[in-house]
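In structure tokens, the next block holds one chain alone, the form predicted on its own.
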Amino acid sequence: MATTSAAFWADADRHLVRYAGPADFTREIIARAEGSFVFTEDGRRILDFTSGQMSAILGHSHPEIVAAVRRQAATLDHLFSGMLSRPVVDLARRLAETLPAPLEKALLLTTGAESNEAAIRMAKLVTGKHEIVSFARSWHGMTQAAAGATYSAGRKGYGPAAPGNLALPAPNRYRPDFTDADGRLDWRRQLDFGFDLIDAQSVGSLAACIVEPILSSGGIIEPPPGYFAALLEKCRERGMLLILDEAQTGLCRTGTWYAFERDGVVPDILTLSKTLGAGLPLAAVLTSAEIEQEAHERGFLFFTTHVSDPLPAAVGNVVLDVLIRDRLDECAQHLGGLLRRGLEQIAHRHEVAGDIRGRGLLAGLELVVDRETKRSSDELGARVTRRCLELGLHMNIVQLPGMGGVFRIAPPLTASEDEISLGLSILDEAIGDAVKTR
């Protein structure tokens, strides 16, 4: 029997562990979700501009996903981890078909942290080394190796991290630390400097570099064209593997199937999660036959409870069906263009809109209180976020030291033009209201 709203929150406050740092739970009781919207118990409709946790790329309760879950749960949901089923092998083959050579071997897991954990573990085993490089604004997960490679949050208070984690400066074009004569980011000089520091700190055991093609939790920071080719060269010079974490950028969100396609590079190991399960727990590690063979010969072990589970694999196959059939890479390009143009119009009307960045349907809007100095205000971002929710739009804001509040905007790839316009209209109104109350 349902309790009152007051009793619900009393139970939540009394019994739930808070896991989002200083942030509190959104004070809405969500009863159901459909398409681009979530619905509260009291009947409010909220446009979801984050696709859940940046995962529901086909929207909420997509009918084909619902049908796949019902069908698979009724026939084969879970197995002993050493057994295989057709959905698992089919998904591994089909993922390989979407990728360039030599990426053809897949390990199917549950979360992004788990896939990054497996990738780092594999890289250490294959190279025989242990040092891991990642961006200083990175987020790769909350398990040990993934958390060790995460720098945007969650490092303080937990004791020593795993040894051998080294940070590389993130190439932020809006807030450049190395500049050329025109004041623009000199990313080559920054990258050289970063690896000079890494070489100075390394004990001679550099195993891999793990990075996101677009740093999402870092504030939608997109390294410039040419950066990843240069980064791959740095890795090759040191005998390191390059791991790309496409948890949020993979599977059409940026307008191409994979964000790394823009740069003409192929990683040694690719990790997928979030978008692969379209909101359900499914992740993957993909690598070459050569790396997989070396790992196997050295006894690679990642035997977990839900590795190669048939139920999420069946969902992953349906996700691929819909992405291919509905050409959602092209949809992301088209809708991403509408989104960017709308954000540019908002920036024209509101001086607090400092920068727009991202690609396809992964966009960032950084708020500042002064465009000239780029001075930030956590309080302004919080006000806009609250007002958006009051008006029926859920937004996620990243607030990190040295940056303004950055809205991460990631609507479903199945969103309509009208839904994109509605979200932009609410955001425009919310910014205007928040500025008036300063």
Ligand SMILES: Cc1ncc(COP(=O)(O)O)c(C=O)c1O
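Remember, predicted model here, so these are calculated numbers, not experimental data. When you see a residue number, it is the position in the sequence shown, counting from 1.
Quick note: we don't show the form predicted in complex with the ligand, though the next part is all about it.
Next on the checklist: Test of understanding: in the predicted complex, would K274 fall inside 4.5 Å of the ligand by heavy atoms?
Outcome noted: Output for K274 is yes: heavy atoms within 4.5 Å of the ligand.
Next on the checklist: Using a 4.5 angstroms cut-off on non-hydrogen atoms, would D309 count as touching the ligand in the predicted complex?
Outcome noted: No, D309 is distant from the partner.
Next on the checklist: If we define contact as a non-hydrogen atom of the residue within 4.5 angstroms of the partner, is H140 a contact of the ligand in the predicted complex?
Outcome noted: It does: once the ligand is placed as it appears in the predicted complex, H140 has a heavy atom within 4.5 Å of it.
Next on the checklist: Can you work out whether V322 and the ligand are in contact in the predicted complex, taking contact to mean some heavy atom pair no more than 4.5 Å apart?
Outcome noted: Residue-level check for V322: no, no contact with the ligand.
Checklist entry - Any idea which of 92-100, 110-118, 255-263, 325-333 reaches within 4.5 Å of the ligand in the predicted complex, heavy atoms considered? => result Of the stretches listed, the one contacting the partner is 110-118.
Checklist entry - Among Q190, Q72, S217, S85, which has at least one heavy atom within 4.5 Å of the ligand in the predicted complex? => result Spelling it out, the residue with a heavy atom inside the cut-off is S217.
Checklist entry - the ligand isn't shown here, but in the predicted complex which of A145, A247, I243, V315 has a heavy atom within 4.5 Å of it? => result Answer to the contact question: A247.
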